[in-house]
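Read the single chain below, which is given as structure tokens and is the form predicted alone.
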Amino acid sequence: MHLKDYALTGRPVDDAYIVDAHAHMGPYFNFMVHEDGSAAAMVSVMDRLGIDVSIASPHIAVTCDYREGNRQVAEAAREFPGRIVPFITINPNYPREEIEAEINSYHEAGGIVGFKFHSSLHSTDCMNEGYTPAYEYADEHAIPILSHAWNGPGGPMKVVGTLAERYPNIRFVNAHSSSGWQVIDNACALAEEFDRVYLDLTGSRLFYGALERMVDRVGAERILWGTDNPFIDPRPGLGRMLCAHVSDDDKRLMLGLNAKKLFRL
């Protein structure tokens, strides 16, 4: 059975390891969120589709209270072990001592699989010195950082180049890399320039033929599937992946095997 047959028949995918490498959780002021985006509602959707793991950063973390968001996703991970995995979100506008204490508390509680940055919602950019404790921890432990955008003076090429030179062990995940042709071309150029950049497919604008172009340019090994669940329904994104004109081996890499390796799941 080919993977696209799961989409055509509406069956949960049961012969591929699937990781939603970019999920959120909880209510959000900007979108309608089904069942308030509870962890239980998210896991129910995951079960219907065959998604094994969601790596999540609650909406409250990327907006007004990063510490409360981290607490909520850690609680969800305890409630649904192995299904919900936390991103630790950092807001660089807070004192360094507070950010270091936040990182240390989750390190001591079992470690951190990756950080989530949303500099635009936190009204800053990725070169803010407040991110330094997260960069230093990620470099020391060789863990990835998912950023909504790698923004800052000089644009993404300059920002990622500076950070990659400064922190040689970090993997940089570029969120929403498939959101329109210009975005796709820019994201692919970034990944072609830096071999530690991964491209995240999260969003609702993956055009026909776009995934094939990304695989041709970057290779399937550095592309990650994600959804923005719960405020974007994951079904269309999964269907686009399952029906793409690439091999099932490449689909399995992008659907979950890349994320499994990158985040050490």
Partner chain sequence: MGAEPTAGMRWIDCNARIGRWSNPQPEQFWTSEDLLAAWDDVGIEGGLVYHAWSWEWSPAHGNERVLRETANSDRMWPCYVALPHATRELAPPRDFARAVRESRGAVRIFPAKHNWSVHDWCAGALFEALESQRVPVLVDVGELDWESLAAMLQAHPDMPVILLNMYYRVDRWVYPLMERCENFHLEANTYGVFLGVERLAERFGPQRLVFGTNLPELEAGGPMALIAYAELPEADRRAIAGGNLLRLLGEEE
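Residue numbers count along the first chain shown, from 1. Being a predicted model, the structure only gives us computed values, none of them experimental.
The same protein also exists as the form predicted in complex with its partner chain; that form is not shown, yet it is the one meant from here on.
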Close approach of Arg196 to its partner chain in the predicted complex, 4.5 Å, heavy atom: no
Exercise: Lys260 in contact with its partner chain in the predicted complex, heavy atom 4.5 Å: no
Residue contact check: Pro58 to its partner chain in the predicted complex, 4.5 Å heavy atom: no
Any non-hydrogen atom of Val246 within 4.5 angstroms of its partner chain in the predicted complex: no
Non-hydrogen atom within 4.5 angstroms of its partner chain in the predicted complex for each of Tyr17, Phe80 and Arg252: no
Residues of stretch 189-210 in contact with its partner chain in the predicted complex (4.5 Å, non-hydrogen atom): Ser204, Arg205, Leu206, Phe207, Tyr208, Gly209
